[in-house]
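Only one chain is given next, in structure tokens, and it is the form predicted on its own.
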């Protein structure tokens, strides 16, 4: 194992984040104005932080100007990830049906060109009770469903592609304020990278987990090695006494290169704050390479190389 890198007083551990394959799609939500597009996107990506209990991981990728959307209206790009194409199809249909179809003035379109198609508007059209009609434009089928404010337009299918989930950074700080401010800076930098989302609230998770538990019914439990309250108690701790708060950023991306780029951007922003801002170390979570095939090595990323 190489020596830790120290940059701007921040220690970067010689470790890697371990990520795993997922299925993903991009959806474009448009509306009368940016506010209503955002309302639909926020609702649709709610309760979608972790596949452990939510069925999918979803988040807003970015806002879209009218010249970037199929119907020339303001929009929002959303990414959704699941462990299988079947589960992704179920999540897309439920979330679009309950959160986008219901939202005033919205329409929804596929945001990817290639991939295995799953239903988008194909089944939601039946809400039209026989009044729905379809239209082919440039080889793509769209459904027009009458609703009380006019009509809901939905592309018939959306492509599913291979994605990468579970990239992560651990930020070890001297106190809550320091760790949280560093995490916020990291997330802000990552959000400028295309093709990625950080699915937890505000992009940050404080309840980092490990695989397994002393309780057989649980598949995951608190990451005790990184819990400051357990530093003097746990059989194995990764913390020193000066670390009193750890925050984690989880990253999902359409490709491993996208996750690597986001990780690199987040690290740079966190290191840029420096030890004077209360950041002690940057680390990452892995399970010895047994969980997933994508390994994002922090030292390589810090040096500008790819992480896998």
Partner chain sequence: MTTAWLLRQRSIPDLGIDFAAVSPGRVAGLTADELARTALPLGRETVELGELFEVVARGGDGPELRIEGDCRRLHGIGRGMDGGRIVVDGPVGDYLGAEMTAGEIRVDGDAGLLAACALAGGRIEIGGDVGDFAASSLPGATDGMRGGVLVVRGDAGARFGDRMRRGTAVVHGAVGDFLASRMVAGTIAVGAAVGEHPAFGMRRGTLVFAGDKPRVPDTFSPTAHDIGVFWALLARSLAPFGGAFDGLGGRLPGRVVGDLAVDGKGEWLLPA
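What you are looking at is a predicted structure, and each value in this text was computed from that prediction instead of being measured. Numbering follows the first chain given and starts at 1.
There is also a form predicted in complex with the partner chain; it is not shown, and the following applies to it.
Engineer: Based on heavy atom distances of 4.5 Å or less, which listed stretch (200-208, 159-167, 128-136, 177-185) is in contact with the partner chain in the model of the complex?
Structural biologist: Stretch with heavy atoms near the partner: 128-136.
Engineer: Counting only non-hydrogen atoms and a 4.5 angstroms cut-off, does residue 216 reach the partner chain in the model of the complex?
Structural biologist: Output for residue 216 is no: heavy atoms all beyond 4.5 Å of the partner chain.
Engineer: Answer with yes or no whether residue 80 is in contact with the partner chain in the model of the complex, where contact means some heavy atom within 4.5 Å.
Structural biologist: Residue-level check for residue 80: no, no contact with the partner chain.
Engineer: Within 4.5 Å, heavy atoms only: does residue 93 come near the partner chain in the model of the complex?
Structural biologist: Output for residue 93 is no: heavy atoms all beyond 4.5 Å of the partner chain.
Engineer: With heavy atoms only and a cut-off of 4.5 Å, decide whether residue 46 touches the partner chain in the model of the complex.
Structural biologist: Residue-level check for residue 46: no, no contact with the partner chain.
Engineer: Exactly one of 71, 224, 87, 116 has a non-hydrogen atom within 4.5 Å of the partner chain in the model of the complex; which residue is it?
Structural biologist: Here the answer is residue option 71.
Engineer: Even though the partner chain is not shown here, does it sit in the model of the complex so that 107, 144 and 153 each have a heavy atom within 4.5 Å?
Structural biologist: Yes: 107, 144 and 153 each sit within 4.5 Å of the partner chain in the model of the complex.
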